[in-house]
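Listed next as structure tokens: two forms of one protein chain, kept apart as structure 1 and structure 2.
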Structure 1
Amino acid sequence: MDKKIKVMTVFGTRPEAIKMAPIVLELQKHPDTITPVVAVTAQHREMLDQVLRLFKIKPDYDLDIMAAGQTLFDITTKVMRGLDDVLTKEKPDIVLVHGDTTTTFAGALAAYYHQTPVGHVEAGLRTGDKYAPFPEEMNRRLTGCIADLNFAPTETSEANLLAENVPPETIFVTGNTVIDALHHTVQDAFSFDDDRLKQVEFGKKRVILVTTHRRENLGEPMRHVYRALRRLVNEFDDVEIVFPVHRNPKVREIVNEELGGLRNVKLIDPLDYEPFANLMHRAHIILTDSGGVQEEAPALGKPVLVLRDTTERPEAVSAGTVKLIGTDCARVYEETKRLLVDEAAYSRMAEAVNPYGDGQAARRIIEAILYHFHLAEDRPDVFMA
């Protein structure tokens, strides 16, 4: 093959890194046709580096933009400025961005200003509400406007794109790469290095795993959730809450105020992806406002109560493993309690379903790129749940 394409991946936060890692590894498997370039913005720092270490990814460029208390304006302008230089130097044939963060949108816009084609990984998820999640819904939509190739994880996300008149030949239904990443990490025999996790009596206690970070939940909504958790641990002796707390200082402050020092509540730093995935595997119930966790937990057969009013991931809600419960204190308490006392309700949600992927998403995405550049004859197969 005489033609070779340069494929630049751009990402910056923890979830983008986890979901782009399988793509970076897959790109490396095609040295005859693909020159991979990895540019990280480091919108997140420690939480990004944790993932880079796990997947042994050494970025070619690191914009190192994170600053405490950074605003959306800071992130957007720093990413644009930094990527201008990288794109000028590298002149990639295509830029891949992932999902819905500000790195995603600013990365896509920077590529567009260079008239470089954009591939959008995890395209087409929608809530239909431009302020929920904020600013992710708009980041994803705007990235979709720019994208030349759209890697929709599911048929639902494909349908969203078609409804917006995105040309069908630019859409590839691939599954979500998060399931590829999960296949790398979850093991029945996994043992935790972290001392605090070693102390958790998984056999004796029912572990509720909690994560929260959404901007629209900062402040009172988070307080409500944490007060519900306080009530639950006071009432159920056999329940232990394990809560890896996001590094956002605005989250940490409220968590410490509401849950600090409580018996049966373990507040820990964000975990590396490997222990976190294995912690999900051992948890009894998961409470979260995370996007990625909503996709992973159903694949592990764990009931998920989502601390949001809307979701762009309706597949697992339809399948019954995920329930949207919002952040009202009484509701969070009641819904969690139901799963603790009603075995039938628990079992109904704990059936493993996996609407999001089969571990082959990265392969399909690279095959689609090769097809687009006439380096492969056929479109990749379509992911079917």
Structure 2
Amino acid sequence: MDKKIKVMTVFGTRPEAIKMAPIVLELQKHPDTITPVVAVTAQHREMLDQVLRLFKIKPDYDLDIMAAGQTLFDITTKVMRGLDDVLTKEKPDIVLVHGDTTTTFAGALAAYYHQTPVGHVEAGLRTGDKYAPFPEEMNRRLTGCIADLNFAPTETSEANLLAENVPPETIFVTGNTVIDALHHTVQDAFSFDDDRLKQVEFGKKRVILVTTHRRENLGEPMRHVYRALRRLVNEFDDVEIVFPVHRNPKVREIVNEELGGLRNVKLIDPLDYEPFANLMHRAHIILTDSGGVQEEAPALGKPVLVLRDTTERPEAVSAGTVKLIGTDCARVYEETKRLLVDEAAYSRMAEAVNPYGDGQAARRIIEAILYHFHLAEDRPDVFMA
């Protein structure tokens, strides 16, 4: 092995970019031992570009695959074809993919076809139901079958991998890189550009931040959630709901029917990562069906009510920072109201220990790669909550 290795990062969506950006920046700190190569698929175009600008990352390769009405078949085949050419040209020593997107699985499979080692960042998350979430659960399981190095964010993720007979020496518990990204992004003096956010009285109002986008929640489940929110905002004068509404027309239609025109409800367009992270920082409670928010909000001391029946991130549920509440209208209302009226219940969630990271995950991942390639003598330290 030469004294320098080529490490290729592959990602294509905003969540991947947020969590891979700290790794890209960390790779750049090792010019004597690492040649970094960044390949993006642009599975999400605009949202990906927002993150690249924020972290000042210029990709070496941009497949630019996004197309209107794209299907999972389209994404998978375009990523495979595009990365075939990139891998043939660059011949990296290892390819790093993140999490559970279609880019993740297709990127890992392309590397496997080139007999190139794969490092899986955020490895070991599981719900146990291959259709929840869809297609993410199978994307991460299949990527795990290919991966040579597994960067598990928590001990729970490590346990999942060990239960699947993944060799222990290939697993590194690193913490989650999303905490690294938050440390880079959240500022107490941050100023919002969005005119509607400028109108929010964060010091006087208790802001409930809401996000919904999961396929399994489309239709009546979402409608039930929004009706609970409507009841809450009519009951509490000091509560304001801020809702960055997903661009999916099916989501927008239901949101406007149930929440449009209500006082103390601000329906805004989706936010770039930087303002969204700072909005989380200023929110009082967060209601979401997102996976990433379940990791980010606990690091900011925010109670999270998850609008799902299962989660691949059980650590925060065990720690008490996150609670699964599903989408039943009565339950969404009751659980949110409890946090508004019961100070002790709120404090228990807000002050629980964040189980996801300490801002050092990217460092541990790079140290693990160097250790694997015999460019470092010591195995990296283990993240423990």
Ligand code: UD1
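Treat the numbers as computed from the prediction; the structure is a model and nothing was measured. Just so we're on the same page, rigid core means the largest C-alpha set that superposes within 1.5 Å between forms. For residue numbers, the reference is structure 1: its sequence is counted from 1.
Looking at both structures, it is structure 1 that matches the form predicted in complex with the ligand. Neither of residue 184 and residue 246 shares a rigid part with the other in the motion between the two structures, based on the superposition that better accommodates each C-alpha. Annotation: rigid-body hinge motion between the two structures, rotation of the minor part against the major part equal to 10 degrees. Once the core is aligned between the two structures, the alpha carbon position of residue 337 differs by 2.6 Å; this is the C-alpha shift at that site.
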